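Here's a solo chain for you in structure tokens, the form predicted on its own.
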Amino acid sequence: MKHLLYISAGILLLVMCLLFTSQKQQGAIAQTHTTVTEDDTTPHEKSKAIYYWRTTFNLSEQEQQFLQKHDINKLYVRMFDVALEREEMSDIWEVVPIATTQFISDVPEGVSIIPTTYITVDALRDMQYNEERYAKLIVERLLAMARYNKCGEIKEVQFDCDWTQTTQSIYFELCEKAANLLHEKDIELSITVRLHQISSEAPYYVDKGVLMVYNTGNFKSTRTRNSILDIEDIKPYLKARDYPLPLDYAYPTFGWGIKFYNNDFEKIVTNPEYELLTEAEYIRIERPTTAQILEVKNAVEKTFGKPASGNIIYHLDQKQLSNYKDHEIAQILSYN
């Protein structure tokens, strides 16, 4: 059985991979249940934000200029994924961190970093009855990475998970335990909210949510017009209701190609211009226009109200962002 090693920050990254595979037989430590009431909430500071979703944090000069030009002061950085993986040469499956982001660039001045982790549903299922232990491991790893990479003062941490009805109770328990730990450090916990989750309950001890208004359609279907964003896919979810969490909204500023062979889905293509096609193959190019994004943005705000603190775009990639003009980016980020 592997054991967690507590060491100095100087060699922290050498043992990051051990962090999730430890303490397998230790009992859970009870945490105080924290209830957030309306009296406890405070208005969120207005902000413009963007996601960074690559495994190497290495900002180009153009990307740094983009942040400055659009007054973006929050950067949601994916630090690692939490997945269920099988041990090498073994039939044992464990919840472990994978695809850890390596920092090459320094964090830009004046930009707050929100350490973010994506949790797979398979990993979530395996956490059942051990939510407190995994919450502690995830929170500790996120904050340790932020310290090691000099990310500045951390005011918020975000969990990203496509939880379902069958995994809702596990995820809510995980969020509760994580929120308790973070609130002791005066750090907020936010979660992503997908459209299919908007009509469900929400973990009330979480401080806010980010409604992910992209990847709304079935990319594998030949009948889909644009799987990244289509107002027709959004409309069924636009039913006025009081969602339990303050919401910000994230909109897509990226595109890709969907490759089909004999009308069957083959793969997502990030650089469709370089794909060689046979007679039986074709690529559906998908990239939402600014007009389409703004139409959806207006519809979302009419239903759920203005964002609690601001809008977010996905994601910081100069090649993708070059398809949008500066005034278009400003319109998408605007929350007035």
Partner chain sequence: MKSLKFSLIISLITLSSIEAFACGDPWYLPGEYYMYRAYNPSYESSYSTSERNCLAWQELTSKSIPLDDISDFVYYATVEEVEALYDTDNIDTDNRFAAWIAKNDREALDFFYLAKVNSDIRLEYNSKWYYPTMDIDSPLTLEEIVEKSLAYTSPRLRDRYLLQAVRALFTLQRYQECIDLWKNEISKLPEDNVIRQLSRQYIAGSMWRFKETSQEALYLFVELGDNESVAYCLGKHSSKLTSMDIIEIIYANSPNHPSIAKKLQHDINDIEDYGHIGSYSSSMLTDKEYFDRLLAIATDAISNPKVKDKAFWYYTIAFILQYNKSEYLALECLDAGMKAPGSDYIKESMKVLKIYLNAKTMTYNQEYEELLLTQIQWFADKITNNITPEVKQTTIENYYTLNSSRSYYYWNDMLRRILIAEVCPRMIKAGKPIRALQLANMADNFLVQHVGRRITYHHFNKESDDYIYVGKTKALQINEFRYDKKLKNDMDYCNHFFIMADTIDVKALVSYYQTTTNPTSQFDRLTNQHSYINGEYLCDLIGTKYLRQASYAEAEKYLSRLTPLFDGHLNVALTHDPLASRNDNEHIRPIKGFRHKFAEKMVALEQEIAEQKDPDKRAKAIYKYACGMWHSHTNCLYLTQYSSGYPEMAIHLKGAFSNKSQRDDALKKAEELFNQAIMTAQSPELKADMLYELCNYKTIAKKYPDTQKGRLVRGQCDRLIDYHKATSAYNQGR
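Positions refer to the first chain, counted from 1. Small disclaimer: the values here were computed from a predicted structure and weren't measured.
Just so it is clear, the following notes concern the form predicted together with the partner chain, a form of the same protein that is not shown.
- Here is the short version: of 140, 201, 188, 126, the single residue with a heavy atom within 4.5 Å of the partner chain in the model of the complex is 140.
- Proximity to the partner chain in the model of the complex, defined as a heavy atom within 4.5 Å, singles out one entry of 181, 247, 96, 75, which is 96.
- Residue 147 belongs to the set of residues with a heavy atom inside 4.5 Å of the partner chain in the model of the complex.
- Residue contact check for residue 159: none of its heavy atoms lie within 4.5 Å of the partner chain in the model of the complex.
- Residue contact check for residue 100: one or more of its heavy atoms lie within 4.5 Å of the partner chain in the model of the complex.
- For residue 82, a non-hydrogen atom is located within 4.5 Å of the partner chain in the model of the complex, even though that partner is not displayed.
- The candidate stretches are 230 to 238, 130 to 138, 249 to 257, 217 to 225, and the one lying within 4.5 Å of the partner chain in the model of the complex by heavy atoms is 130 to 138.
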